[in-house]
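What follows is a single chain, given as structure tokens, in the form predicted on its own.
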Amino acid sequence: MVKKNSELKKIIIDCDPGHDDAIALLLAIKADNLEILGVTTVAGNSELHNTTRNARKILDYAGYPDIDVYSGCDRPMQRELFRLTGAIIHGEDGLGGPMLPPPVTPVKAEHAVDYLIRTLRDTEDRIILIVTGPMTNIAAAMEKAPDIKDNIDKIIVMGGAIFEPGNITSAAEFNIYVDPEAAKIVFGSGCELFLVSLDVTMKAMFFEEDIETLRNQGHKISVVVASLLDFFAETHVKHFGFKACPIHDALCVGILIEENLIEFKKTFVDVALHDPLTVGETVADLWGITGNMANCHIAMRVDREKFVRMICEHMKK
């Protein structure tokens, strides 16, 4: 059942499941201090029909069919959908590994962009947006209804690479690369923005012993997460040369559970759009030399052990 309490942090999760998105959803469900108002899906790790089905699979399996899922944009704002790497890493349907039952709960008829606008306009509470895929839905909502920014408490984004190399090109991280125009709109929105980048997600790995700890807990959610990570780890061996799982997206939820999980620094960040070598790169003014006002909290350090404990403890609740 959806948790409802005036003291809970109100969140909307915009995602493209994806193994790490799926685990982020499960972590948010299990968190004692969060209320999920809705889940919106976008094309990214896989096509929209897959990411929408995968979100519903996870929510149904976890016993939360009352969390509404809204299907969103099926392609980036100005580009064709790039999905090769998503299929390689996450499987053809976006969620390779355990055979979860097909979803029973229907997707809502309202488009995700319209849901975001309606909810942000109608709520008395300021809402936290957790964005773990390309930012197409969020940017489209801002373009259509700029006033919604007044009710956004903060936006927590999984994306970008400031110090680390990219994971789709040498310069760019996948989520930003898929829809850089959308990312540029969100970075320029004036909203309080926290960027959980590859700089920390690649340092918060789950190793084989961590996966076994999850499996040995015996809870049905722990076991399915371990199975998801088995698949995820194998694809990392094949294509990146190491057997471990960076659960990128779950860190965005983790910092709402424990604020000191990640250390941030505020600076100005922009997104490269045009040069083929750098398109999708998140460019940070680390020395303050541009004169631009800081617009983004960038992740600097992460407590890996705390993150692993958090995942393990919440998956057996």
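In this text the structure is predicted, and so the values were computed from the model without any measurement. Just count from 1 along the sequence shown to find any residue number.
FYI, the form predicted in complex with ligand RIB isn't displayed, but the following is about it.
| With the partner removed from view, which of 203 to 211, 174 to 182, 110 to 118, 218 to 226 is the stretch that lies within 4.5 Å of ligand RIB in the predicted bound form, judged by heavy atom distances? | Partner-contacting stretch among the options: 174 to 182.
| Does Thr132 reach ligand RIB in the predicted bound form, with heavy atoms at most 4.5 Å apart? | Thr132: yes, in contact with ligand RIB in the predicted bound form.
| said: I'd like to know whether Ile138 contacts ligand RIB in the predicted bound form, with contact meaning heavy atoms within 4.5 angstroms. | reply: Because no heavy atom of Ile138 falls inside 4.5 Å of ligand RIB in the predicted bound form, the answer is no.
| field | Ser189: touches ligand RIB in the predicted bound form, heavy atom cutoff 4.5 angstroms | value | Looking in the predicted bound form, residue contacts with ligand RIB do not include Ser189, since no heavy atom lies within 4.5 Å.
| is_contact(Thr169, ligand RIB) in the predicted bound form, heavy atom dist at most 4.5 Å | Looking in the predicted bound form, residue contacts with ligand RIB do not include Thr169, since no heavy atom lies within 4.5 Å.
| request: Within 4.5 Å of ligand RIB in the predicted bound form, which residues of 287 to 317 have a heavy atom? Give them in sequence order, or say none. | output: Nothing in this stretch is in contact.
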